[in-house]
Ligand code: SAM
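So this first bit is one chain, no partners, the form predicted on its own, shown in C-alpha coordinates.
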(Lines give C-alpha, C1' and ligand atoms only; values in the text may rest on other atoms or scores of the structure.)
Protein backbone atom coordinates (compact mmCIF):
# COMPACT_ATOMS: atom_id res chain seq x y z
CA UNK A 1 0.00 0.00 0.00
CA UNK A 2 1.20 3.49 -0.80
CA UNK A 3 2.30 5.34 2.36
CA UNK A 4 -0.43 7.38 4.03
CA UNK A 5 -3.37 5.84 2.14
CA UNK A 6 -2.59 7.81 -1.03
CA UNK A 7 -3.60 4.84 -3.16
CA UNK A 8 -7.23 5.52 -2.24
CA UNK A 9 -7.20 8.84 -4.10
CA UNK A 10 -8.83 9.06 -7.55
CA UNK A 11 -6.66 9.74 -10.63
CA UNK A 12 -5.65 13.37 -11.00
CA UNK A 13 -7.66 13.91 -14.18
CA UNK A 14 -10.80 12.69 -12.41
CA UNK A 15 -10.14 15.02 -9.47
CA UNK A 16 -9.67 17.99 -11.80
CA UNK A 17 -12.89 17.19 -13.66
CA UNK A 18 -14.83 16.69 -10.44
CA UNK A 19 -13.81 20.12 -9.15
CA UNK A 20 -14.13 21.84 -12.54
CA UNK A 21 -10.51 22.98 -12.48
CA UNK A 22 -8.28 24.13 -15.31
CA UNK A 23 -4.88 25.74 -15.66
CA UNK A 24 -4.70 29.51 -15.32
CA UNK A 25 -2.41 30.86 -18.05
CA UNK A 26 -2.13 34.16 -16.22
CA UNK A 27 -0.42 32.33 -13.35
CA UNK A 28 1.86 30.37 -15.66
CA UNK A 29 0.20 27.06 -14.76
CA UNK A 30 0.89 23.84 -16.66
CA UNK A 31 0.02 20.61 -14.86
CA UNK A 32 2.12 17.47 -14.63
CA UNK A 33 -0.41 14.67 -14.30
CA UNK A 34 1.74 11.69 -15.33
CA UNK A 35 2.82 10.01 -12.09
CA UNK A 36 5.64 8.20 -13.88
CA UNK A 37 7.21 11.59 -14.60
CA UNK A 38 6.54 13.10 -11.18
CA UNK A 39 7.93 10.01 -9.47
CA UNK A 40 11.13 10.35 -11.51
CA UNK A 41 11.45 13.99 -10.42
CA UNK A 42 11.00 12.92 -6.80
CA UNK A 43 13.78 10.33 -7.23
CA UNK A 44 16.07 12.95 -8.77
CA UNK A 45 15.61 15.06 -5.64
CA UNK A 46 17.38 12.41 -3.56
CA UNK A 47 16.49 11.17 -0.08
CA UNK A 48 13.27 12.91 0.96
CA UNK A 49 12.75 11.02 4.20
CA UNK A 50 14.48 13.65 6.36
CA UNK A 51 13.40 17.18 7.17
CA UNK A 52 11.02 19.25 5.04
CA UNK A 53 10.44 19.34 1.28
CA UNK A 54 9.04 22.66 0.08
CA UNK A 55 6.89 22.63 -3.04
CA UNK A 56 5.65 25.82 -4.69
CA UNK A 57 2.65 25.86 -7.00
CA UNK A 58 1.43 22.29 -6.40
CA UNK A 59 -1.81 22.95 -8.30
CA UNK A 60 -3.78 19.69 -8.37
CA UNK A 61 -0.97 17.88 -6.55
CA UNK A 62 0.62 15.65 -9.18
CA UNK A 63 4.18 16.21 -7.99
CA UNK A 64 2.93 16.42 -4.39
CA UNK A 65 1.63 12.86 -4.57
CA UNK A 66 4.99 11.62 -5.82
CA UNK A 67 6.86 13.47 -3.04
CA UNK A 68 4.56 11.98 -0.42
CA UNK A 69 4.97 8.51 -1.89
CA UNK A 70 8.73 8.99 -1.53
CA UNK A 71 8.28 9.57 2.20
CA UNK A 72 8.58 13.36 2.25
CA UNK A 73 7.16 15.78 4.80
CA UNK A 74 5.82 18.37 2.36
CA UNK A 75 5.20 22.07 2.84
CA UNK A 76 3.17 23.15 -0.20
CA UNK A 77 2.66 26.84 -0.99
CA UNK A 78 -0.22 27.53 -3.37
CA UNK A 79 -1.37 30.96 -4.52
CA UNK A 80 -4.45 29.79 -6.45
CA UNK A 81 -7.29 29.25 -3.96
CA UNK A 82 -9.18 27.06 -6.44
CA UNK A 83 -6.86 24.16 -5.64
CA UNK A 84 -7.11 24.33 -1.86
CA UNK A 85 -10.06 21.86 -1.55
CA UNK A 86 -8.25 19.37 -3.77
CA UNK A 87 -5.03 19.76 -1.77
CA UNK A 88 -7.01 19.41 1.48
CA UNK A 89 -8.15 15.96 0.32
CA UNK A 90 -4.55 15.06 -0.43
CA UNK A 91 -3.46 16.35 3.00
CA UNK A 92 -6.08 14.16 4.68
CA UNK A 93 -4.83 11.11 2.80
CA UNK A 94 -1.23 11.99 3.70
CA UNK A 95 -2.06 11.81 7.42
CA UNK A 96 -0.03 14.73 8.70
CA UNK A 97 2.78 14.73 6.12
CA UNK A 98 1.37 17.55 3.97
CA UNK A 99 0.96 21.14 5.14
CA UNK A 100 -0.71 23.48 2.65
CA UNK A 101 -0.15 27.24 2.87
CA UNK A 102 -2.32 29.62 0.83
CA UNK A 103 0.18 32.33 -0.05
CA UNK A 104 2.29 33.95 -2.74
CA UNK A 105 5.66 32.20 -2.59
CA UNK A 106 7.46 35.41 -3.55
CA UNK A 107 6.25 36.85 -0.24
CA UNK A 108 6.35 33.69 1.93
CA UNK A 109 8.80 33.17 4.76
CA UNK A 110 9.76 29.60 3.94
CA UNK A 111 12.48 29.65 6.57
CA UNK A 112 10.05 30.25 9.43
CA UNK A 113 7.46 27.86 7.99
CA UNK A 114 9.93 24.99 7.58
CA UNK A 115 11.43 25.54 11.03
CA UNK A 116 7.96 25.36 12.56
CA UNK A 117 7.40 21.98 10.90
CA UNK A 118 10.79 20.42 11.63
CA UNK A 119 13.15 22.57 13.72
CA UNK A 120 16.81 21.96 12.94
CA UNK A 121 16.05 19.51 10.14
CA UNK A 122 17.28 19.84 6.55
CA UNK A 123 15.18 21.67 3.98
CA UNK A 124 15.02 21.11 0.24
CA UNK A 125 12.87 22.58 -2.52
CA UNK A 126 11.26 20.43 -5.21
CA UNK A 127 8.83 22.16 -7.57
CA UNK A 128 7.36 22.48 -11.03
CA UNK A 129 7.60 26.24 -10.87
CA UNK A 130 5.04 28.55 -12.46
CA UNK A 131 6.83 29.91 -15.52
CA UNK A 132 6.24 33.57 -14.67
CA UNK A 133 7.91 33.50 -11.24
CA UNK A 134 10.54 30.76 -11.54
CA UNK A 135 13.62 32.97 -11.82
CA UNK A 136 12.85 35.38 -8.95
CA UNK A 137 11.96 32.46 -6.69
CA UNK A 138 15.26 30.74 -7.50
CA UNK A 139 17.28 33.87 -6.66
CA UNK A 140 15.27 34.33 -3.46
CA UNK A 141 16.04 30.79 -2.28
CA UNK A 142 19.71 30.86 -3.26
CA UNK A 143 20.54 34.27 -1.82
CA UNK A 144 18.12 34.50 1.12
CA UNK A 145 18.04 32.95 4.60
CA UNK A 146 16.43 29.62 3.67
CA UNK A 147 19.68 27.69 3.08
CA UNK A 148 18.21 24.58 1.40
CA UNK A 149 20.44 21.53 1.04
CA UNK A 150 19.24 21.13 -2.55
CA UNK A 151 16.78 22.51 -5.08
CA UNK A 152 15.23 20.34 -7.79
CA UNK A 153 13.25 22.69 -9.99
CA UNK A 154 11.50 22.65 -13.33
CA UNK A 155 11.85 25.63 -15.64
CA UNK A 156 11.29 26.47 -19.26
CA UNK A 157 14.19 24.76 -21.04
CA UNK A 158 15.59 28.11 -22.20
CA UNK A 159 15.76 29.31 -18.58
CA UNK A 160 17.34 26.03 -17.46
CA UNK A 161 20.03 26.44 -20.11
CA UNK A 162 20.71 29.98 -18.93
CA UNK A 163 21.19 28.73 -15.36
CA UNK A 164 23.83 26.13 -16.27
CA UNK A 165 25.52 27.95 -19.18
CA UNK A 166 29.32 27.98 -19.35
CA UNK A 167 31.44 31.09 -19.82
CA UNK A 168 31.38 32.18 -23.46
CA UNK A 169 28.18 30.32 -24.33
CA UNK A 170 25.33 32.20 -25.98
CA UNK A 171 23.10 31.55 -22.94
CA UNK A 172 25.75 32.76 -20.47
CA UNK A 173 24.60 35.85 -18.59
CA UNK A 174 23.52 37.29 -15.24
CA UNK A 175 21.45 34.26 -14.26
CA UNK A 176 24.32 31.83 -14.86
CA UNK A 177 26.79 33.97 -12.91
CA UNK A 178 24.58 34.54 -9.88
CA UNK A 179 23.31 30.95 -9.70
CA UNK A 180 26.74 29.39 -10.20
CA UNK A 181 28.31 31.73 -7.66
CA UNK A 182 25.90 30.33 -5.10
CA UNK A 183 25.39 26.71 -6.18
CA UNK A 184 26.46 23.80 -8.34
CA UNK A 185 23.83 23.41 -11.08
CA UNK A 186 23.06 20.76 -13.68
CA UNK A 187 20.16 19.82 -15.94
CA UNK A 188 19.00 16.35 -14.88
CA UNK A 189 15.87 15.85 -16.98
CA UNK A 190 14.28 17.19 -20.16
CA UNK A 191 10.53 17.22 -20.70
CA UNK A 192 8.66 17.86 -23.96
CA UNK A 193 5.66 20.20 -23.99
CA UNK A 194 3.29 17.25 -24.45
CA UNK A 195 4.11 16.03 -20.93
CA UNK A 196 1.98 18.86 -19.53
CA UNK A 197 -1.71 19.67 -19.40
CA UNK A 198 -2.26 21.99 -21.18
CA UNK A 199 0.95 21.76 -23.23
CA UNK A 200 3.02 24.96 -23.06
CA UNK A 201 4.57 26.41 -26.20
CA UNK A 202 8.07 25.46 -25.06
CA UNK A 203 9.93 22.45 -23.71
CA UNK A 204 10.93 22.24 -20.06
CA UNK A 205 13.86 20.92 -18.05
CA UNK A 206 14.56 19.99 -14.45
CA UNK A 207 17.61 21.61 -12.86
CA UNK A 208 19.17 20.28 -9.68
CA UNK A 209 21.11 22.84 -7.66
CA UNK A 210 23.30 22.17 -4.64
CA UNK A 211 24.07 25.39 -2.74
CA UNK A 212 27.73 25.96 -1.93
CA UNK A 213 28.77 25.80 1.70
CA UNK A 214 31.18 28.71 1.19
CA UNK A 215 28.85 30.95 -0.77
CA UNK A 216 29.69 34.67 -1.04
CA UNK A 217 28.45 37.04 1.66
CA UNK A 218 25.12 38.81 1.30
CA UNK A 219 26.95 42.07 0.56
CA UNK A 220 29.04 40.39 -2.14
CA UNK A 221 25.90 38.90 -3.72
CA UNK A 222 24.29 42.35 -3.88
CA UNK A 223 27.44 43.76 -5.46
CA UNK A 224 27.51 40.82 -7.88
CA UNK A 225 23.94 41.61 -8.92
CA UNK A 226 24.91 45.21 -9.59
CA UNK A 227 28.07 44.33 -11.53
CA UNK A 228 26.37 41.71 -13.71
CA UNK A 229 23.42 44.02 -14.37
CA UNK A 230 25.77 46.63 -15.81
CA UNK A 231 28.09 44.21 -17.59
CA UNK A 232 25.41 42.13 -19.32
CA UNK A 233 23.10 45.10 -19.83
CA UNK A 234 25.62 46.26 -22.44
CA UNK A 235 27.21 42.92 -23.23
CA UNK A 236 28.57 43.98 -26.63
CA UNK A 237 30.72 46.62 -25.00
CA UNK A 238 34.07 46.11 -23.32
CA UNK A 239 33.98 46.11 -19.54
CA UNK A 240 35.72 49.47 -19.35
CA UNK A 241 32.60 50.91 -21.01
CA UNK A 242 29.80 48.69 -19.70
CA UNK A 243 31.03 49.08 -16.11
CA UNK A 244 31.70 52.82 -16.43
CA UNK A 245 29.06 53.67 -13.81
CA UNK A 246 30.91 51.46 -11.30
CA UNK A 247 34.41 52.61 -12.10
CA UNK A 248 35.10 51.06 -15.49
CA UNK A 249 38.79 50.40 -16.12
CA UNK A 250 39.71 51.38 -12.56
CA UNK A 251 37.36 48.77 -11.12
CA UNK A 252 38.67 46.13 -13.50
CA UNK A 253 42.28 46.92 -12.60
CA UNK A 254 41.46 46.59 -8.89
CA UNK A 255 39.86 43.21 -9.57
CA UNK A 256 42.69 41.99 -11.78
CA UNK A 257 40.38 41.69 -14.79
CA UNK A 258 41.21 42.77 -18.35
CA UNK A 259 39.03 45.85 -18.96
CA UNK A 260 38.99 45.23 -22.72
CA UNK A 261 37.14 41.92 -22.39
CA UNK A 262 33.38 41.64 -22.73
CA UNK A 263 31.06 40.21 -20.10
CA UNK A 264 30.63 36.78 -21.71
CA UNK A 265 34.40 36.22 -21.46
CA UNK A 266 34.49 36.63 -17.66
CA UNK A 267 33.95 33.49 -15.60
CA UNK A 268 32.05 33.33 -12.32
CA UNK A 269 35.20 33.72 -10.22
CA UNK A 270 36.11 36.83 -12.22
CA UNK A 271 32.73 38.40 -11.56
CA UNK A 272 33.08 37.67 -7.86
CA UNK A 273 36.44 39.49 -7.96
CA UNK A 274 34.73 42.45 -9.63
CA UNK A 275 31.98 42.42 -7.01
CA UNK A 276 34.51 42.36 -4.19
CA UNK A 277 36.47 45.20 -5.80
CA UNK A 278 33.24 47.21 -6.05
CA UNK A 279 32.60 46.62 -2.34
CA UNK A 280 36.14 47.68 -1.44
CA UNK A 281 35.77 50.76 -3.61
CA UNK A 282 32.49 51.69 -1.90
CA UNK A 283 34.07 51.18 1.54
CA UNK A 284 36.98 53.49 0.67
CA UNK A 285 34.60 56.13 -0.65
CA UNK A 286 32.50 55.94 2.51
CA UNK A 287 35.59 56.23 4.70
CA UNK A 288 36.88 59.22 2.74
CA UNK A 289 33.48 60.89 3.00
CA UNK A 290 33.49 60.31 6.74
CA UNK A 291 36.93 61.88 7.12
CA UNK A 292 35.89 64.87 5.02
CA UNK A 293 32.78 65.36 7.12
CA UNK A 294 34.80 65.32 10.36
CA UNK A 295 37.40 67.84 9.11
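Here the structure is a predicted model, which is why all the values come from computation and not from measurement. Residue numbers count along the first chain shown, from 1.
Below: the form predicted together with this ligand, not depicted.
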- prompt: Among 217-225, 99-107, 170-178, 143-151, which stretch has residues with heavy atoms no more than 4.5 Å from this ligand in the model of the complex?
  reply: 99-107
message: Taking this ligand as it sits in the model of the complex, is residue 130 in contact with it (heavy atom to heavy atom, 4.5 Å or less)?
response: yes
4.5 Å heavy atom contact, residue 77 and this ligand in the model of the complex: yes
message: Taking this ligand as it sits in the model of the complex, is residue 155 in contact with it (heavy atom to heavy atom, 4.5 Å or less)?
response: no
- prompt: How about residue 32: is it within 4.5 Å of this ligand in the model of the complex, going by heavy atoms?
  reply: yes
message: Just to be sure I understand the contacts: of 263, 246, 56, 48, which is the one whose heavy atoms reach within 4.5 angstroms of this ligand in the model of the complex?
response: 56
